[in-house]
Every structure is written in structure tokens, then in C-alpha cells.
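Below you'll find only one chain, the form predicted alone, shown as C-alpha cells.
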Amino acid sequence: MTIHIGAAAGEIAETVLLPGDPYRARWAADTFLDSPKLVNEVRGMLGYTGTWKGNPVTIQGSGMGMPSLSIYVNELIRDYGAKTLVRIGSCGGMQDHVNIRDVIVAMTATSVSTPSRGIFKELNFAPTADWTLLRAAVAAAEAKSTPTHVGGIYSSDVFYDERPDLNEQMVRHGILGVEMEAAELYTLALRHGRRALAVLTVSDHLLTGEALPSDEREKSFGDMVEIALTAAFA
């Protein structure tokens, strides 16, 4: 048990999926895991452990933004021995060829700042995904014929962004989508010698203004979860 995770020793698997929304954690656990057990509900941030094709898996909500995710990932690695951490979440599309409901597998995560910024000081550290996970996720997406894009994403500090000039530069430099967590996840995983990946579903689009209604988001996220699980155990 930690400050933010109430699971007992042995109740967290070495493989952890990290949706931001705790209710999405519950949906994913009920939909994809065998015999899911609620192992955390501290502050309403639900976590479940079960099995997928016989493999132990924990699905733990991580909240919104890098500071929140940083808390959970630090405790999962330090106190529970998590070794593979895969973010499953939504993102906003930033390129014309990226469509609503497409999946993005994030190779790199650009950011203005992260909770780890104080460590690096003047250094512009480049957080990247684990290659074995990324390669397996792309193979899993191709096997499912899921429209998938591989490349860089932007982890923003804010949801209500008032920097259109910054977004323009992200688009100009080929960034596929924007979300709020992956850069810190990748940084922490690299620091502690763990594997990490972000597999994201495009739920809205910054260029076209399209957006999935909230009641359709969960139904559209099934491919993303299956890709993440397949990659974790490839």
C-alpha cells in the first residue's frame, strides 16, 4: 500500500495499462480481463487486476496530466515492481491524414515541460517509447487492419490551450496528435529501466473540429486496448 494506491503486496501485476479515466479502467477490465478484481479505489482512481490470455494484468487509472500520471507511475515502479507500462488513452489529431477513431502509436513525446524538468535543467531530454513494445504494437495493429499511425506526439501541459502558434509548429513538424501524459511516462520508464508505450485513439481533431461524443468513446477504444495487450505480451 502506498499514499495513492491501496493495493496490497502482490495485487499489482508487472504489466500495467494506464488509462487516464478511472471509469475507462473499469470498462477495460470488465471487457478484456478474466476475473478482474478491484485492487485500488483511493481518491476514486480505480485499479483492477486480472488476467488476459493467462497473463496477469493490472489496469490502473492515472488521472489527467503529467503530474497525476507521475505519481502513479512512480509508485507502481518503486513500490509494486511494475515492469511494462502502457498508456491507453485519447488524443487530438494534428495532421490531415489522421482521422477520428484512428490509432496512434507514439514513438516520441514532445513537451514544453514535465514534472522531470527540474532534473534535466538546461538539457532538452528526448523521451522515447520502448522499441520492443512499439514494434509489437505496430504488428498487432497491422494484424487487425486497424488504421494506425506511428510517430511523434505532443504531451501538453494544458487542456484549454491558448497557444495557437505552438500548435501550428507541432503540425508543421509532423506531430501526429496531442495528449497530456506520455512524455512523463516515457521519461520515468527510461530512468528506471522499464518498458513504456502510449497507444492512443484519436477522439477529436484540432484541424477539422471533429469529435467523438462521450458515449461513443469507450466503444471506439477496443482496438487500442487489444493492441496494447498484444504488444505487452508479444
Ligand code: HPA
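Because the structure is predicted, anything quoted here is derived from the model rather than measured. Heads up: residue numbers just count along the shown sequence, starting at 1.
In what follows, reference is made to the form predicted in complex with the ligand, a form of this protein that is not presented.
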> Ok, L206, L190, V171, M45: which has a heavy atom sitting within 4.5 Å of the ligand in the model of the complex?
Replying inline: L206
> Which one of I153, C91, A137, L85 is close to the ligand in the model of the complex, taking close to mean a heavy atom within 4.5 Å?
Replying inline: C91
> Would M180 sit within 4.5 Å of the ligand in the model of the complex, counting heavy atoms only?
Replying inline: yes
> Quick one: is F159 in contact with the ligand in the model of the complex, heavy atoms, 4.5 Å cut-off?
Replying inline: yes
>> Counting any heavy atom within 4.5 Å as contact, can you tell me which stretch out of 54-62, 190-198, 171-179, 34-42 lines the ligand in the model of the complex?
In response: 171-179
